[in-house]
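Shown here is one chain on its own, the form predicted alone, set out as structure tokens.
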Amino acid sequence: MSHPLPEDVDPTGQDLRAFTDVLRPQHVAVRNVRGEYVFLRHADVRAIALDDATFSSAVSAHLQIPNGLDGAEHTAYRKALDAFLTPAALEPYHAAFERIAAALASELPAHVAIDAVTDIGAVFAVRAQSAWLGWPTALEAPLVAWVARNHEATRSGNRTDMVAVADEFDTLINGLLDARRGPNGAVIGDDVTAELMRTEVDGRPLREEEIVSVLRNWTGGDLGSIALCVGVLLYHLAQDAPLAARLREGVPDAEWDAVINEILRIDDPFVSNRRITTCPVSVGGVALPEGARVKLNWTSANRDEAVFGDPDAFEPEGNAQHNLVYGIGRHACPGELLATLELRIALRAILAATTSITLGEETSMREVSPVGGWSDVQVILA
């Protein structure tokens, strides 16, 4: 049986968590003003993500390596690129991340309101990612400013602004690549960026546009995402003093990671991914034609009452197996380990440097479509 869908649903200016909390109990999916089928429930989002043959990730007119690839091609690129993101590959960077987090925590002013997203999250994300990739510290201020401009362009939906911001980032990346080329064109240096430039897929070196795409994927999206995650996490800890106290006392890494993932499930800033159908298919009683544009709304799926009961209930152990913060299937986020590591180290340093975290008197501001989480979280550290 095919279910009629609400048409021309417009999320513009809406807090997507609150917006989808209203839609999800009533509707399997909706069609938005762009004609996309937006799936809201956990079972359907999970099923679509696991069926990468029917639901292709080749949705963009722009090169997206590896997330815009399918099948064997996607597998080959993931095999080459995931080597940079294994526990063994990341282990040498733990100490650097810890030094960066401790230094930032010591710099933060006490007893005055600061923005957890911009003043803490964005700064830490830029410093940590730059240390991992071997980028110079002189890029910190331009990159922090770029994160803010990128959020603003994404929030506005203005295509001209979004293209301009993307081009700005690509220009920055191209400069970093040029700095790693010797007079004869050979790659010089041994940092992650240089090693990426030497990486081969199926026996051939990555082309320059592929390298730029990978670095855009690793940084352009992740810098903003880490900033948003820090905002969500500190907002939660500011309202749960017992949890913050327990974490300050010291818990194993596994418990830290479970706490982080559960807070992000409750308020998932990784809102959605796109797919396109390769043939007619029905999902949750919704009939989709071939070529249908589909959105998997992770924020909504992670709050599905049919799976989690009260979506705001904090239950790290009970909810872990159903948590879709980093996706599922072959296209699950390859940066999950790096993101979780950075967030754990950042939060641990902030808690170690403080005795309390409270919300400022000024009201924190939610992000609006198509961005999730908080745009501004005023916290007071003491």
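Just count from 1 along the sequence shown to find any residue number. These figures come from a predicted structure and were not determined experimentally.
Keep in mind that the form predicted together with ligand HEM is not shown, yet the notes after this line are about it.
A heavy atom within 4.5 Å of ligand HEM in the predicted bound form is found for exactly one of W146, F270, Y93, W256: F270.
Of the listed positions (S130, N217, T199, T278), a single one reaches within 4.5 angstroms of ligand HEM by any non-hydrogen atom in the predicted bound form, namely N217. With ligand HEM left out of view, the stretch that reaches within 4.5 Å of it through heavy atoms in the predicted bound form is, among 221 to 229, 118 to 126, 157 to 165, 179 to 187, 221 to 229.
The candidate spot formed by H74, R78 and L338 is fully in contact with ligand HEM in the predicted bound form: every one of the three has a heavy atom within 4.5 Å.
Within this chain, T354 is remote from the site of ligand HEM in the predicted bound form, having no heavy atom within 4.5 Å. The closest heavy atom approach of W298 to ligand HEM in the predicted bound form falls within 4.5 Å. Under a 4.5 angstroms non-hydrogen atom cutoff, ligand HEM in the predicted bound form lacks Y37 among its neighbouring residues. Within 4.5 Å of some heavy atom of ligand HEM in the predicted bound form lies at least one heavy atom of R330. Residues of 230 to 262 include none with a non-hydrogen atom no more than 4.5 angstroms from ligand HEM in the predicted bound form.
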